[in-house]
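Just the one chain here, laid out as structure tokens, in the form predicted on its own.
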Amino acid sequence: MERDEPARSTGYRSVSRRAFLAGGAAGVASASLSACVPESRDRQAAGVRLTAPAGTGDEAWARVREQFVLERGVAYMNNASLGMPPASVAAAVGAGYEALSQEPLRAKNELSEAIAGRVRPGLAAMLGAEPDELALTRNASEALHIGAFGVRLRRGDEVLVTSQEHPAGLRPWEMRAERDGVRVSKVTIPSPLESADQTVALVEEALTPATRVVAFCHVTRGGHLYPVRRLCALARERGCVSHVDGAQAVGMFPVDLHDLGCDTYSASLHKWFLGPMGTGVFYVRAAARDRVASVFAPGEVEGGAVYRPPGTSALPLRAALAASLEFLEDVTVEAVEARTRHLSDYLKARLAQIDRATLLSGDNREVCCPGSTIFELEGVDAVEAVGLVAERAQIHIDEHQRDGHNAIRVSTHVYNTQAEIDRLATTLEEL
């Protein structure tokens, strides 16, 4: 029996299984914006597609902001930890699970078709890769482990990492050091970054004849932007595998993996990409497959699918990435980059008016990403500040107590506003 009546307990109009599954991948995509419209709020009409806003200001992005269902009065500025998917994505997830409950086998097949026919090709097009170079994962951490354990290394081989890597990027190499006798060396990169030239020079100086892998972030946890293309070219010149952590990059600005020239690339899709929690992607350049084995399948590597973790996966989550893709394709990642840069610049201008604030994210776009901003506030512990700001102003931010900093991190996405940033600045002044 079809159930098209309103979901009374949530205040959302549910999507029928037929509407979700009709046409396989096309059904998922077409359901994305019409799937879930909060009846208790003023939202745009279901089924209306977005377009790239003409400008970077709040007014130009008001229609985009309407697609998100964050509780009124709450400001979310912690996208670098966990993104906030639009209502269309949440609806697609719910519709997928409902479909599995109503007709499991048919839903499983339809969801799988949506992933193969829409999600992987769409991701590949957006990331400048081929579909068979991608494998879907639960997150960037899982992808980083798959890549690290797949690289063919022998006892005594060296892996060069930087001082600003996320723990998820370090742990698999530390495990390989313990298990396989691989040597892990760390090059210190200053925070903030001074220049792309300095970063490349420091990495080049740290390379040795034993170095086989160069592992580094695209964007650091603190929002510093590494010169990925140049570092990958350097690794290639020295015969090393380039292993890139892109958790803080994908969705914030355009990423072209073939242009970057990296051998592997790992990303979360539940941060800036605005996908469901528990989604990620792992990329292996086709020409690098002979150096990166699958840890799940024996024999020769013939395509990206062999890097995919085996067993049952959360199909509704992965199929719902079609809604995230539609959202970003309509709005465009280029416009997202401009909007997040605008908000970060506005935040930096407001912080400059606070005497006790020391900005650590500069205005050099070569080394500073668009969306994340870190700063220190004299006399304030960053960890305590996170709780105080949430309690006093209903604003969610994060701390950055690493790299020698007692810093606060604010990561603004397209749905944040200048008024929210003003509210944050006022709260910080009062701490």
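Please read these numbers as outputs of a predicted model, since none were measured by experiment. Throughout, we count residues from 1 along the sequence that is shown.
This next part talks about the form predicted together with a small molecule, which is not shown.
The candidate spot formed by Ala140, Leu144 and Arg221 lies fully in contact with the small molecule in the predicted complex, as each residue has a heavy atom within 4.5 Å of it. Only one segment in the set 90-98, 187-195, 282-290, 266-274 has residues whose heavy atoms sit within 4.5 Å of the small molecule in the predicted complex; it is 266-274. The contact residue chosen from Leu160, Leu134, Ala247, Leu347 relative to the small molecule in the predicted complex is Ala247, the criterion being a non-hydrogen atom within 4.5 angstroms. A heavy atom within 4.5 Å of the small molecule in the predicted complex is found for exactly one of Arg341, Arg183, His166, Arg236: His166. The closest non-hydrogen atom of Val213 lies beyond 4.5 Å of the small molecule in the predicted complex. At the 4.5 Å threshold, heavy atoms of Cys217 reach the small molecule in the predicted complex. Proximity of Ala80 to the small molecule in the predicted complex: non-hydrogen atoms within 4.5 Å are present.
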